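In structure tokens, one chain follows: the form predicted alone.
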């Protein structure tokens, strides 16, 4: 009897181990250490690995041409869920998903419209509007800045939300620049710093960086010139305490973890998922690093605006209504 129980116990353990799904995560050239959106996705996947016992393999693509081969390799090897992070993976995922219709895919930041792909998009303009309000209220010079990474509709969406939020305070001027027009724009902190310094010379005393690791250069400039910067995607308040006013949060880690959890439980569904202020998909960061920087008046105002957006009493202008994502 004891031998039988031991046999079934071992068998049960073996089946349990075999049941763990395999997840392939493909990041763009920003990599898992970009302290921004890739880092958030990697954080969500790592949490799933720890809590759910899944097998996780991560690939950081050296350039955009490596995205499709990486996605295809995971699919060929029978991975249960293949994840692509960033708009640059739209066409590669659409192509590979068509080749492997039985494989499930997750695409962050674009809508693939494929029957085996869950596409998650965020209301970046809503979160950006909030940090724009904060910037406008904090500014002493009545001039704030925006440094975008790659000049694409997605980042223009950040800028428009931020601009409208800041301008809603009244008397605010917004200056903006973009690092570049190719994917290299996400990894050029030297250029990010150069643009930030130019904006500071134009009296900008709060600068929102939506630029991947190029934003680290913006942070350096802000620290050197004793002005404020605003982080993006992940909570970056800790990077330079006292300099980072807040961070516009875009919870890619939640989208990634939820997709893995659903696939692990055989509950994965394809289709478009939208995440905004109403469901906690975007927001702003408040913690021990930036609490001293935000006055009660600022916090009261931004929370009032947040409630208005969620209640649909305030409609944030959306760049996608002008130029939809490709």
Partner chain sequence: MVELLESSLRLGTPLILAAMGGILCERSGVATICLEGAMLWGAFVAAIVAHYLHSPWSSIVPCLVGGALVLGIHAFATQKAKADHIISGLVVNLLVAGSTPLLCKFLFGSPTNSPNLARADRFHELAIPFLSALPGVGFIFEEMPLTYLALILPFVLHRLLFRSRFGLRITAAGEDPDTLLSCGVKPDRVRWVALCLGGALAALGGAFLSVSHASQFTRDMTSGRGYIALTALIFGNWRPLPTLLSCLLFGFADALQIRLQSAEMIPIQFIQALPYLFTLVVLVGFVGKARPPSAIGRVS
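What you see is a predicted model, and the numbers here were worked out from it, not measured in a lab. Residue numbers count along the first chain shown, from 1.
Keep in mind that the form predicted together with its partner chain is missing from the display, and what follows is about it.
Site check 167, 272 and 306: each within 4.5 Å of its partner chain in the model of the complex by heavy atom: The answer is no: none of the three residues contacts the partner (heavy atom, 4.5 Å cut-off).
Using a 4.5 Å heavy atom cut-off, which residue among 262, 33, 287, 47 comes into contact with its partner chain in the model of the complex? Contact residue from the list: 33.
Quick one: from 251, 138, 193, 104, grab the residue that has a heavy atom within 4.5 Å of its partner chain in the model of the complex. Comparing distances to its partner chain in the model of the complex, the residue within 4.5 Å is 193.
Out of 171 to 179, 126 to 134, 229 to 237, 112 to 120, where are the residues with a heavy atom within 4.5 Å of its partner chain in the model of the complex? Checking each option against the 4.5 Å cut-off leaves 171 to 179.
May I ask you to check whether residue 213 falls inside a 4.5 Å heavy atom distance of its partner chain in the model of the complex? Looking in the model of the complex, residue contacts with its partner chain include residue 213, since a heavy atom lies within 4.5 Å.
When the contact criterion is heavy atoms within 4.5 Å, does residue 197 count as touching its partner chain in the model of the complex? Output for residue 197 is yes: heavy atoms within 4.5 Å of its partner chain.
In the model of the complex, does residue 301 have a heavy atom within 4.5 Å of its partner chain? No, residue 301 sits far enough from its partner chain in the model of the complex that none of its heavy atoms falls within 4.5 Å.
Can residue 205 be called a contact residue for its partner chain in the model of the complex at 4.5 Å between heavy atoms? Judged by the heavy-atom cut-off of 4.5 Å, residue 205 is well away from its partner chain in the model of the complex.
Can you list, in sequence order, the residues from 96 to 110 that come within 4.5 Å of its partner chain in the model of the complex, counting heavy atoms only? Residues within 4.5 Å: none.
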